[in-house]
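Just the one chain here, the form predicted on its own, laid out as C-alpha cells.
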Amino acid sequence: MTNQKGGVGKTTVAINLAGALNDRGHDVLFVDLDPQGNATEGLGLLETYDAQPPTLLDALVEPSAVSLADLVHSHPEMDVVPSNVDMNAAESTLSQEPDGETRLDTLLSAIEADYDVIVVDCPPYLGMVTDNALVATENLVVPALAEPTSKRSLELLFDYVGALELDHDVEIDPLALVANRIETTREADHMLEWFEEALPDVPLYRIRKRVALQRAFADGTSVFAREEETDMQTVFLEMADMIEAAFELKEVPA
C-alpha cells in the first residue's frame, strides 16, 4: 500500500482492506513500515511505538537474529507488526547495508506460510523502506485523491516502480487504484475519468468521505469491527474479492 504523496488516506485504506479480508475469514498479517506509525496507532497499538528493542528496524538490519514472529502483536482482526520510533533511522541505516532493499523479503519468507494475506503499509515517500515493501510483496495498491496533483504523483510512482523492477528482476503488479476521500465536485469527476483512462487495466475503487472511517480509526479497528455500518464497507469487500480472485484464495465461511 503506497503513494509517495502524503495525506491520501493510505493507512485508512490499508487497515480497512485488512479488516475486509479478515471479515472474509482470512488470516491477515499487517506490517506497518511507516516510521510515523499511523497504522500502529490506528490499530490501537500506540504503546508499542516507543517499545524497547528488538524492533522492526532491528529485524530489517539483522533478519537472521530477529524475526517478524518475535515482533507480532495480536489484534482482534489481524496480527500486527507495529512500527517503532527507531524506524526513523531505517532509510539511512538500510542504505549502508548490502542488499538493503531485500531485507523485508527475507523476513516475510520466513512467516508467510502462517497467513493468507500480508498487508504492508509504506511510508509516504519513495526510498529504501518502500523498496523493501515493493520487492517483497511484488504487488501494489495505490490510494490517491481525486485531485489534479495525483496525476504527477502517479506518473512518478510508476516510473519508480519500473526502475525497481529492472534493478531487482521482479514484476510488481498494480492490483488496484483507490480513489480515496472523494467529494462531490466536478474536479473529482474529471479525475475519476482520468484514472480510468490512464490505468484502464487496473481496477478502480471509489471511497467517499465517511465519518465512520474516522471513528473506526480512533477506536483502533477497521469499520468491520464496529456496530456502526457504512456503505464503504461494500467497496472494501469488493477489494477483498479482487484479492481472493487474484491469488486464488477461498472465502472462509463464518
Ligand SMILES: Nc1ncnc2c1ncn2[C@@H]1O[C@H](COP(=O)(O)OP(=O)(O)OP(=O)(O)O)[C@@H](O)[C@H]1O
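Remember, it's a predicted structure, so these values are computed and weren't measured experimentally. So that there is no doubt, residue numbering starts at 1 and follows the sequence shown.
Missing here is the form predicted in complex with the named molecule; even so, the following discussion is about that form.
This chain appears without its partner; in the predicted complex, the one residue of Asn132, Asn84, Ser150, Asn180 with a heavy atom within 4.5 Å of the named molecule is Asn180.
The three marked residues, Gly6, Lys10 and Asn38, each reach the named molecule in the predicted complex, with a heavy atom inside 4.5 Å. Shown alone here, Gly127 lies farther than 4.5 Å from the named molecule in the predicted complex, counting heavy atoms only. With a 4.5 Å cutoff on heavy atoms, Gln214 counts as touching the named molecule in the predicted complex. Taking non-hydrogen atoms only, Leu29 never approaches the named molecule to within 4.5 angstroms in the predicted complex. Contact annotation: Leu68 falls outside 4.5 Å of the named molecule in the predicted complex, judged by heavy atom distances. Remark: of stretches 180-188, 109-117, 154-162, 92-100, the one touching the named molecule in the predicted complex is 180-188 (heavy atom within 4.5 Å). Heavy atoms closer than or equal to 4.5 Å to the named molecule in the predicted complex belong, across 202-229, to the residues Ile207, Arg208, Lys209, Arg210, Leu213, Gln214, ordered by sequence position.
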